[in-house]
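Next up: just one chain, as structure tokens, the form predicted alone.
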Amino acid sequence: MKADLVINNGKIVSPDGVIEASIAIKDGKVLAVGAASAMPPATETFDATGLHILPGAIDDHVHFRDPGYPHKEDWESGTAAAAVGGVTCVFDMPNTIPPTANGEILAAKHAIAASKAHIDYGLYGLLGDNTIATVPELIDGGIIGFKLYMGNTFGKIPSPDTGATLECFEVAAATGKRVSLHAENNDIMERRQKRLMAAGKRDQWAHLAARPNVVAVEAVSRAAILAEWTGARIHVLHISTAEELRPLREAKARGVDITGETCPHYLMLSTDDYARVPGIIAVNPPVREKQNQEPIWGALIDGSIDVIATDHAPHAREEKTRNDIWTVDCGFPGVETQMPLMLTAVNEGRMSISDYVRMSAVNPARIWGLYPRKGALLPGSDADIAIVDLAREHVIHDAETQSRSKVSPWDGRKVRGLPIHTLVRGRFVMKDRKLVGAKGWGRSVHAIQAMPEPKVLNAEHSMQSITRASA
């Protein structure tokens, strides 16, 4: 059999180690991995001498703002940024205009993504008090999972109260899909923000004061209990505090199907950066005090936190540089810079390159039912590949990034380790640090998702059961 492409002389990285080997690709999939002499003849060969070959990163937390906010980002620019960042698959959040709340809106969003995406993708469906009834049509329309906003953030999606959250978990549990959570206590935040505004507090520190660590700790604890009761699968997004780790670890120990992620800004930035980039650094949850960093690093390395993602949340410069923090749009781009930042941590000895592959590719693929089709470089896997130069030094400049948003707290930061080439299903989408290929190559991964069978608990106490009409 003749391969389409054979990549020679690279160092192939898995969660178990690094081997010097070649990789053959046929029809968008990995055909073989092994010695160069064992590779089949190929239409094309590629020399990766001195480079590491990684499964492309899967970012399960991006906001591409399309439809609704095209000046911030759209599917073309967002997936271009991902491709240049070594990311081969993204999951997009539902807080667009309109929110991804029913089958019709979901279908329209699928059409937009399919026409513009450079890389593969999944779409979240919105889960909340007002969308419980539309869960079946969201499932039928093709979603990767659900997003539930326990706390308010950009887009002002209503946060369900605890009773509604329980019902949402009951409904989601029966589908087998995982629920990603913005885990902050909305009642606490709204009360504190109202008082802070009345007191004239309008700087970056006021934003932090409105969202103390306890809002996250309480929300994670509550979500874990509700998931344990219902059997819902949950994923805690953007872990920002050391205190969240206790309820996360305890729930895992009890057998709750709970996973978690953090982002580079919670590992590498702190309140020490507030004066340098006020407003620009604003994100929900906020970048917190430095003492949170080491425990989060430790949890990421020991596997308590499963995934490194970005919460890529682009905005225009004028939306990030207002003087009143309550009018600043929270979030900043990250899908293009995540891999260089984390490879820098590899070079600094924070973790191994195999650790990075585990948290950036293997774990998200497993959690979301895509492994080993995605997240691996094994025969039969999709040939989603990031070819990186661990020795390459680079300075991040917002103006040079692919995102439409040219403002982030990473501007001017030096990194060591850079994706040089990116392939999605065997095709180069970034080559020699340049975007190549046409938009529209990306496709939805929902059709290849294979989640385990649902494990519904306490169904006899669910809202559906207790309100069912008597026979």
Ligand code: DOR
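No experiment lies behind these values; they were computed from the predicted model shown. In case it trips you up, residue 1 is the first one in the sequence shown, and so on.
Not pictured, yet referred to below: the form predicted together with this ligand.
**Student:** With the cut-off set at 4.5 Å between non-hydrogen atoms, does G331 touch this ligand in the predicted complex?
**Tutor:** Flag for G331 set to yes.
**Student:** Quick check on T401: any heavy atom within 4.5 Å of this ligand in the predicted complex?
**Tutor:** Judged by the heavy-atom cut-off of 4.5 Å, T401 is well away from this ligand in the predicted complex.
**Student:** Answer yes if any heavy atom of H182 is within 4.5 Å of a heavy atom of this ligand in the predicted complex; otherwise answer no.
**Tutor:** Contact check for H182: yes, within 4.5 Å of this ligand in the predicted complex.
**Student:** So in the predicted complex, is this ligand close enough to K374 to count as touching (4.5 Å, heavy atoms)?
**Tutor:** K374 lies outside the contact set for this ligand.
**Student:** Spot the stretch among 146 to 154, 196 to 204, 114 to 122, 74 to 82 with residues whose non-hydrogen atoms come within 4.5 Å of this ligand in the predicted complex.
**Tutor:** Heavy-atom contact with the partner occurs in 146 to 154.
**Student:** Looking at N284, N292, T100, T175 here, can you tell me which has any non-hydrogen atom within 4.5 angstroms of this ligand in the predicted complex?
**Tutor:** Result of the distance check: N284.
**Student:** Find the only residue in C89, L248, C263, A313 having a heavy atom within 4.5 Å of this ligand in the predicted complex.
**Tutor:** Only one listed residue qualifies here, and that residue is A313.
**Student:** Hey, which residues along 43 to 70 are within 4.5 angstroms of this ligand in the predicted complex, non-hydrogen atoms only?
**Tutor:** Contacting residues: H63, R65.
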